[in-house]
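Only one chain comes next, encoded as structure tokens, the form predicted on its own.
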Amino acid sequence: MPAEPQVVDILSLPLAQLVAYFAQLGQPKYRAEQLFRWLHARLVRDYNSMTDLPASLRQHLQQSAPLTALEVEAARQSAIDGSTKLVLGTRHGAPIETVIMPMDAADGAPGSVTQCLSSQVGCKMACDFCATARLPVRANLSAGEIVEQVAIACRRGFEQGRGRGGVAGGQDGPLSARPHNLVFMGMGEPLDNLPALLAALEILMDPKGYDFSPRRITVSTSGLAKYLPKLVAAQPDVHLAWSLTATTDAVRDRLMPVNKGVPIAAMVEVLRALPPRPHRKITFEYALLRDVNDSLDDARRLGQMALQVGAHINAIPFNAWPGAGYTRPARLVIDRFVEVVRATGASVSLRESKGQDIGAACGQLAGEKSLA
């Protein structure tokens, strides 16, 4: 009795791995490239529609590499800024969320779209001010599940008439409505799922597929310093963001347990030691919490740290969520904080998160159905 074919997660394979898999099937490289374009340029999820592939190959792929796309379970659109939060069902039995955010002049990119991507279901980092940490299910997404969030955004944008053409080597169709920028700042810690993250980045930046420039991608971390050199070695020009949110170890230990393993000074040194790249940006993400990390001394320390690294600071007033034990500072306190940071000579922006009214802002992504 013949053995059943091994199931392959084909949506998670970068082109080089897809070529190697096809070689095992006795298929030439150009067949792998054809399939890659169907999956990641035309965004097709039905083998029967891939008419330039031999019928026998399509039949084999149906059995050995079934295409299991994420399902949109709910969509919420902000009445304030037009952001859309999509709740997506996963194989883990718990949803993830991705946010599609139209940018405006205040963001310096009017007319562009930024997508916030999730890398995990839930998160093990246990940051005290983040709703995602409250989720009971914690699991890694595959590279295919990470990339599929972008595919869904492209299809929705194309259906809504946002296609602009001329992208990805002249591709039209859904890919013409791809987001302008991708930020790995959704649910989960990206570096805690490094293999899938690296494969997803390779797929997203492949010129035969989505063709994203690394200058359009930002990867955030809470402070998993040991993985940063591996990320930078694989993708040296991707922008980096550090979720900092405190300027002393005493406060950060309480807010973000990762700090107990990698204190602030250690993370600063790791960032300073990264090989320099002319176009790579480093950002400090700093959630402002009332009477916790919003003092003028905090502002001065924050500015001095950013100067050591050459980082830009995003000061983000806390976004409330049900059960949160924190509130945002008064506006006068926020404005004064930013003024004092700026007086140190550091580069700083005050960021009002988009999608606050639909639970889509920074720190609010919590899997609606899991917390219902």
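Note that residue numbering follows the sequence shown and begins at 1. Note that the structure is predicted; figures quoted are calculated from it, not measured.
There is also a form predicted together with ligand SAH; it is not shown, and the following applies to it.
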Query raised in the report: Can you pick the stretch from 296 to 304, 150 to 158, 179 to 187, 196 to 204 whose heavy atoms fall within 4.5 Å of ligand SAH in the predicted bound form?
Result: 179 to 187
Query raised in the report: With the partner absent here, would 98, 114 and 212 each sit within 4.5 Å of ligand SAH in the predicted bound form, counting heavy atoms only?
Result: no
Query raised in the report: Considering 221, 140, 90, 259, which brings a non-hydrogen atom within 4.5 Å of ligand SAH in the predicted bound form?
Result: 221
Requested in this report: Give a yes or no for residue 316: in the predicted bound form, does one of its heavy atoms lie within 4.5 Å of a heavy atom belonging to ligand SAH?
Outcome: yes
**Report entry** Non-hydrogen atom contact residue 337 with ligand SAH in the predicted bound form at 4.5 angstroms
**Finding:** no
Query raised in the report: Can any non-hydrogen atom of residue 287 be found within 4.5 angstroms of ligand SAH in the predicted bound form?
Result: yes
Query raised in the report: Any of the heavy atoms of residue 38 lying within 4.5 Å of ligand SAH in the predicted bound form?
Result: no
Query raised in the report: Heavy atom within 4.5 Å of ligand SAH in the predicted bound form: which residues of 240 to 275 qualify?
Result: 243, 245
